[in-house]
Structures are given as structure tokens and as C-alpha cells.
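Next comes just one chain, in C-alpha cells: the form predicted on its own.
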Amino acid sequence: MSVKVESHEKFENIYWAVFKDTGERKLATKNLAPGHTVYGERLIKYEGEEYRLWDPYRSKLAAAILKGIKVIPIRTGDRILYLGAATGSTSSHCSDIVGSNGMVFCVEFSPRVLRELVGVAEHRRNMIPLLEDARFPWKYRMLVPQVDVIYQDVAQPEQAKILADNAEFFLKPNGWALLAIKARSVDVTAEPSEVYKKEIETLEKRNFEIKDVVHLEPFDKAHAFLVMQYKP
């Protein structure tokens, strides 16, 4: 199958894989660990480089891009604190984006899940797995430096509070945060729109300036994805 790779028109180190026979375009990142996959994603070669197709049904960041998010503030060399890294699907794509001069500090609460994440990090020197609970950022304050970006995807109540608490410890002034709000994890009885409203109000009270919001259907139900800047 003939394929070419083009840079994304807006976002650094994110690409389109264009399949010439069908015209279909799929998101991709340049593989920092050539020959290795993370979640069974397809690898493609183009002009001497290897790329990983990025599945929006497995990654809320990819879904947000396809839903038209206006800002993805992740750059080459950035340091990211990733809260809720799970087995590394999205955090490994962040690893690709920041490159070998960047760093992704991956906080994960489940020991079983972390074991899989450690296997991913073995091939990626810029990923640091941490067995910690994102609700208690002071417990890992000696392990994580000031960061450029916080990315959060945790199935917990008080998701906005968790992000803001971590920002006070780790996020540089005018740094960025990306948050996937899982409405059913916050309050299963409330309408998702009400959950989003309350979480956004909490974030604004905690010095975040909301830059964009998209809803992730059909990729994820009852999810909103926020991009914001920290203005302490």
C-alpha cells in the first residue's frame, strides 16, 4: 500500500499518513523507538523514517486533534508531567513529540499497569514511570522538576482539583495543561454538561485560562478535552 507522510498543518512533530490509493489520512508520530510498538499500532516507513499511526479510539489526545482542537502546546524538548499514564498509549506519542531532548514523567497508580508502562519505557529513555497517586503530588515532588506541560487523564472525582494541585507544585508560570474530563468518573448522576461546567469553574478559580474545549464523541462518550494556560 502506497503511503506518504506530511507534517500536520498546525502542530509540531505531528503528522498525517496519507494513503494514496484511498486518500485516507491518519494521524501519526515519528517513532522514537524504531521497531517497537506500544499498543499494536501500525508502523509505516517513509523516506527513511518510521512513523506510528495514532489511534483516536485509544488516545484522547488524538481524538481531540481530529475533533478540531485549536492548540496542542507540546514542543520539542518539553518536559511533561503525565497524570494517569496507564500502559503508555498516549504518553508514548507524547514521548515521540518531545523527542530525545524532552522528558515525560509518567504517574500511574496501579502496580499491574505500571509494569506494562515500564516495558514501554525500556525502549524510551525520555519516559520516567512513577508508581504514585496523582491526588498526592507532594509525595513525588522530589522526583519531578518544574514542567512545561501537565497532561491529565485520570478516572477520579475532582479531576480539576487534582490538576490544579499538581500545577501548584510543578507547572511553570504560563505553562500549559491538557485535561480529559471523564464526566461519569466525576459524578455519574449528573449531566455531562453540568460536570464540565463545574470542573471549568474550579480550574478558572485556580488560575487557569481556558483556551479551547472539544467533546470527544464518537471516540469517547461523555468526555470533554480542555487546553488551558496557567496564570498564577
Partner chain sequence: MKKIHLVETILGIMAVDDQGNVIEKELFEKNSEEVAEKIYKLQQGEIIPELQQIAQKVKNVEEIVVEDESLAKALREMYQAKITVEKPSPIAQQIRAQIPDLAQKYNYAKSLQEYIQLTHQIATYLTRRKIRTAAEKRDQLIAQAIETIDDIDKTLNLFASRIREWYGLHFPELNKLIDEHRTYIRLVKELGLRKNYTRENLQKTGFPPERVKELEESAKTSMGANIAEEDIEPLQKFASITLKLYQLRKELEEYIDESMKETAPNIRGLVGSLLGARLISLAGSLEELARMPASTIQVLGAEKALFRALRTGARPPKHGVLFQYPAIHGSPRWQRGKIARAVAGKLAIAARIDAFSGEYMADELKAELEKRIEEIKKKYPKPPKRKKPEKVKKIKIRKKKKEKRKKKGK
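Positions refer to the first chain, counted from 1. Everything numeric in this text was worked out from a predicted model, so none of it was measured.
Unshown form predicted in complex with its partner chain; subsequent notes refer to it.
Engineer: Thinking of Arg58, Leu66 and Ile72 as one candidate spot, does its partner chain come within 4.5 Å of a heavy atom in every one of them in the predicted bound form?
Structural biologist: None of them does, since no heavy atom lies within 4.5 Å of the partner.
Engineer: In the predicted bound form, does Lys161 come within 4.5 Å of its partner chain, counting heavy atoms only?
Structural biologist: Taking the distances in the predicted bound form, the answer for Lys161 is no, it never comes within 4.5 Å of its partner chain.
Engineer: Can you tell me whether Ala86 touches its partner chain? I mean in the predicted bound form, with a 4.5 angstroms heavy atom cut-off.
Structural biologist: Contact with its partner chain, no.
Engineer: Taking any heavy atom pair closer than or equal to 4.5 Å as contact, tell me whether Glu204 reaches its partner chain in the predicted bound form.
Structural biologist: It does not: once its partner chain is placed as it appears in the predicted bound form, Glu204 has no heavy atom within 4.5 Å of it.
Engineer: Would you check, heavy atoms only and a 4.5 Å threshold, whether Phe105 touches its partner chain in the predicted bound form?
Structural biologist: Within the cut-off, so yes.
Engineer: Looking at heavy atoms inside 4.5 Å, which stretch does its partner chain contact in the predicted bound form, given the options 192-200, 161-169, 32-40, 46-54?
Structural biologist: It is the stretch 161-169.
Engineer: Relative to its partner chain in the predicted bound form, which residues of 131-152 have a heavy atom no more than 4.5 Å away?
Structural biologist: Sequence-ordered list: Leu131, Glu132, Trp138, Lys139, Tyr140, Arg141, Met142, Leu143, Val144, Pro145, Gln146.
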